[in-house]
Structure formats: C-alpha cells, structure tokens
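In the block that follows, a single chain appears as structure tokens, in the form predicted alone.
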Amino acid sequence: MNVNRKILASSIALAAASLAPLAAQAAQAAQAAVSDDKIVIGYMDDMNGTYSDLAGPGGLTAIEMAIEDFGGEVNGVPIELISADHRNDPAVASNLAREWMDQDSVDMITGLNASSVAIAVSKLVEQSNKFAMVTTAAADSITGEHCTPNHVHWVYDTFAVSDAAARAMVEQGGESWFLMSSDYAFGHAMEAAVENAVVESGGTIAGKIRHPFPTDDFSSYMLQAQGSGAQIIGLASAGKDLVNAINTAYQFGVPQGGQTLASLMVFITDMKSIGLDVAQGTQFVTGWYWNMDEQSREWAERFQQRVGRMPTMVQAGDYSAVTHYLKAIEATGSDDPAEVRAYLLENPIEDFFSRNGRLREDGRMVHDMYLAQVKAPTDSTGEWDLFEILATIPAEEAFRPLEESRCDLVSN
C-alpha cells in the first residue's frame, strides 16, 4: 500500500515536471493573446440621475464583486475597472467611450443605461472592434435593428417585461388601454411592444402620450390618461419617472376611480420608494428577485453588506455579465471580441442570476423571466420582503422570437 502510494506520488511528480514547461508556455500564450497585457472593463451608467438607484453605484459594486471573486486576474493577466457617469446623454457617453478605447485601453464597456446611450456606444464599439455588454438599457431594438457582432444584451428588454404582462392583463378583462411613454428609444420600444400585445390579445388602445425624459411634473400627462376613460393606464417609464408618475396618479385619484395602473418596468428600488400601501397588488415581469431561492439570497446578502440595501435585477445582471466575460477570456485565452462572443454563443449561461440562459446569434441573452406581484403590507416579513414570484416564464417564451428579429446577423 505504501509502495503504491510512493509510486503514485513519484508518477505525479514526474508528470507535473514534464507538464510544467507546457503549462508555462500555455500561460505565456494566453497572456500574449490578451491585448495590452491587461483586461480593462469600463462601467458607464447613470450615477446620479433618474436611473441611479436601479443601476448606478450599486452596479459598480456588483462588478467589483465579480472581479474580486475571479481573483482579480485571468490567466495571470490583471483586471482593471474604470467607471464614469454618462448623465443619460448619448453625446457624453460617446465621447467617454472614444476616450476609454483610444487612451485607456478599455476592452469591454458595460452598464449603458439608457437605450439611446447603449445604441450610440455599441456602434462605436463595433467601429473600434471592442466589446460591450448592455445590462441596464431596455429597448429590444438593441439586438434588433441596432445589433452588432460586438455587443450583447444581458438582463431584460422591453419585449420581455411587457409582452407577457400586457397579454395577461387583457385576458383578465383589461381590454382598453392608454399608454404613457418616456419619449426616447426605450419608451418608444416599450410602447410598440405593449400596443402590439394588447391588440393581438383583442384589446384596444384608447390613446397614448409621450413625456420628456426625465420628468418631474406628470400632472398634465396623468390628467389626459385619466380623461381617456381607459381601464388600464400603461406606464412605459422607469426609475424616478415611474415613481413620480405613480405618485401623481394617486394624488389625482386615478386608481381610486377604478382605472388600473400597469407598471411595465418595475425595480425593487422603485417599489421600496413608493411603499407597499400604494404599490400592493401590482403585477409585473422581472428578470430576477433577490429572494427567489438560496443561490439568489446568498449573493444578495453579500451585496447588501456592502451597499446597505438589496440589489435590483440589473445589479445582479452586472455581476453575471462580467463573470461570463471573464470566463470567456479564461477559456479562450483571448480578449478578442469575436472569440469572446463565440465562447458565449457555444456555452450555457447558468448562475444565481441566469437560469436556462444562452446567448442567441442576435446578441440577446435569453433566460427564464418571472411573473411577480408586490406584496400587501400585512404579507411582508421584512424591509426588503416586497415581491412574491407567481410564475416562471421559460427562457424560450420570454423574449421576442428569433424569427421576428430585425437583426442583420440573423439568418431568417
């Protein structure tokens, strides 16, 4: 027995000695294939404005956690992280992106709220042959007519959060709708998705109006929605705009008068701000909830220890996207965008955020989505116990079918 152990140990030692040069060569090759001998990730998002609670500084913390959990390096190559506030301005974001790629050797840009920002930066990334992972913006056109081979869309989109919810509400009797949308790419995309779902389900659109982004005063817009007499007022807004719109609706007695608010883009930070007294019963579709299961709770509690509150689905998605980007570089030994994308296309995307996930050829990362409902105050057991998951929407049903894609990369 002891002899066998010695032989085995000796064999392992010999094998290790013979493999050591090969391992060193592989590591050197891997390092040589990474540009500039470092991996630089740029996180660009709304750090102080309308969307800062749902992504912003919390998203930066999530990415820091992902890099730390990866050991701060990939195949011996260090990982650097830089960040900036693009102020939801595509021109500001474009200038930052050019500076990052030209002067700071940034390999991948992530975050990218809002949709107009994501679309502008993704085109620059393609021109420079860099990579982008859109986690915060929502317009499904990002992987539709605006798709490129150099960016992917990770967490959710306007189709995924609105199509199933709108169809379910029409089936439950909410047949007439008034749509109030943010007047830029995100609001336009969601407005189109909801209108299509309502009409296809047998409902009607009584009217629609678009408000500037951002907006502090929703009075005139809400009065028009109230005056339409529609059963459902669909709110294609997010962040502080959504909170302002809902609070205005309650001030004007809209829900009390029998009209239902359909909040189509809901984040836990919004509902925490509005409060369960007002928000209770609201149904919506989400990509993730911190209290879904043990995996989600474990990561969310680590996040809460650093930030002081529970993460949104976007912040969880920031961690997921960066982790899979680093896995792709580790596996391929390269930060070349084509090789990273090929790895992501060929491998399942499973973690505490993504269930049954995979990347499609249009750049859309599809994964299970969830129908959720805001709890009543009497059902909540804690400060962040706000939602109940009612049903799972399978990944292949949650997102716009690939055969409907307007992406040039899709061979329909």
Partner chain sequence: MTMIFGVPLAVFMGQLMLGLINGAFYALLSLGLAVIFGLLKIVNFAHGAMYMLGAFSALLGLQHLGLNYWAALLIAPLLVAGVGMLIERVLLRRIAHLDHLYGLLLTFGLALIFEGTLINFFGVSGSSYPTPAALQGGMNLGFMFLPTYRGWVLVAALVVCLATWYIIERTRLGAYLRAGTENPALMQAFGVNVPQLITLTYGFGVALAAFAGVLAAPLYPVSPTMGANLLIVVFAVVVIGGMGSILGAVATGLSMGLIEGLTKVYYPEAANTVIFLVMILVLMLRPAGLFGKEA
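Positions refer to the first chain, counted from 1. Since we're looking at a predicted model, the values are computed, not measured.
Not pictured, yet referred to below: the form predicted together with the partner chain.
Visitor: Using the partner position in the predicted complex, report whether V243 sits within 4.5 Å of the partner chain, counting heavy atoms only.
Guide: Although the partner chain is absent here, V243 would touch it in the predicted complex, with heavy atoms inside 4.5 Å.
Visitor: Is it the case that T282, even though its partner is missing from this view, gets within 4.5 Å of the partner chain in the predicted complex, heavy atoms only?
Guide: Judged by the heavy-atom cut-off of 4.5 Å, T282 is well away from the partner chain in the predicted complex.
Visitor: Counting only non-hydrogen atoms and a 4.5 angstroms cut-off, does Q224 reach the partner chain in the predicted complex?
Guide: Within the cut-off, so yes.
Visitor: Taking 4.5 angstroms as the cut-off for heavy atoms, does Q251 touch the partner chain in the predicted complex?
Guide: Heavy-atom contact with the partner chain at 4.5 Å: present for Q251.
Visitor: Considering R302, R98, R87, R309, which brings a non-hydrogen atom within 4.5 Å of the partner chain in the predicted complex?
Guide: By the 4.5 Å heavy-atom cutoff, the listed residue in contact is R309.
Visitor: Answer with one of P214, G174, G144, G333: the residue that has a non-hydrogen atom within 4.5 Å of the partner chain in the predicted complex.
Guide: Of the candidates P214, G174, G144, G333, P214 is the one lying within 4.5 Å of the partner chain in the predicted complex.
Visitor: Considering the partner chain in the predicted complex, find the one stretch among 318 to 326, 216 to 224, 128 to 136, 79 to 87 with heavy atoms no farther than 4.5 Å from it.
Guide: Of the options given, it is 216 to 224.
Visitor: Even though the chain is shown alone, can you say which residues of 162 to 188 have a heavy atom within 4.5 Å of the partner chain in the predicted complex?
Guide: Only D183 sits within 4.5 Å of the partner.
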